[in-house]
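First comes one chain, alone, set out as structure tokens in the form predicted on its own.
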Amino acid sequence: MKIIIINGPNLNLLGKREPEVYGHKTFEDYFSELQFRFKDVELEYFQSNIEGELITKLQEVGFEYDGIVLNAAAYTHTSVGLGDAVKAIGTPVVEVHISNTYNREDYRHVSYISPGAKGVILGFGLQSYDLAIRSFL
């Protein structure tokens, strides 16, 4: 099984950015834990702060992988293009968020990703990624 995690803007700052919301662990450290936990799964990771790069990556992997775990971060609430890319590909996508977006600002209650996603997992901290991977097994 081949699964890629795609993270959007500012998630490269995990461990530094708003630790009261996102925790103290870097994503790279957590990704190593995921690779150890899911030894039978070929896990990859991609992060970009650039919307077009995220769309390009979805198109590159969207017909070859078994699953995509997507945390589009702030682009979740603004990017029609990312939402369209999720709908256009054949690989199922699970939308994830570290925080419970419904406990935050009103604009975070709208997702352009959800209508094309297999499912949505939010509010479980970094464990949201673990749950998303499990949904493909």
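Residue numbers run from 1 along the displayed sequence. The structure displayed is predicted, hence computed values, not measured ones.
The same protein has a further form, the form predicted in complex with a small molecule, not shown here; the description that follows concerns it.
J.: With a cut-off of 4.5 Å between heavy atoms, is residue 41 one of the residues that contacts the small molecule in the predicted complex?
T.: Flag for residue 41 set to no.
J.: Can you check whether residue 9 is within 4.5 Å of the small molecule in the predicted complex, heavy atom basis?
T.: Yes, contact at 4.5 Å.
J.: Examine residue 74 and determine whether its closest non-hydrogen atom to the small molecule in the predicted complex is within 4.5 angstroms.
T.: Yes.
J.: Given that the partner is absent here, does residue 91 sit within 4.5 Å of the small molecule in the predicted complex, heavy atoms only?
T.: No, no contact at 4.5 Å.
J.: Which of 35, 49, 99, 26 has a heavy atom within 4.5 Å of the small molecule in the predicted complex?
T.: The residue in contact is 99.
J.: Using a 4.5 Å heavy atom cut-off, which of 83-91, 26-34, 66-74, 50-58 contacts the small molecule in the predicted complex?
T.: After filtering at 4.5 Å, what remains is 66-74.
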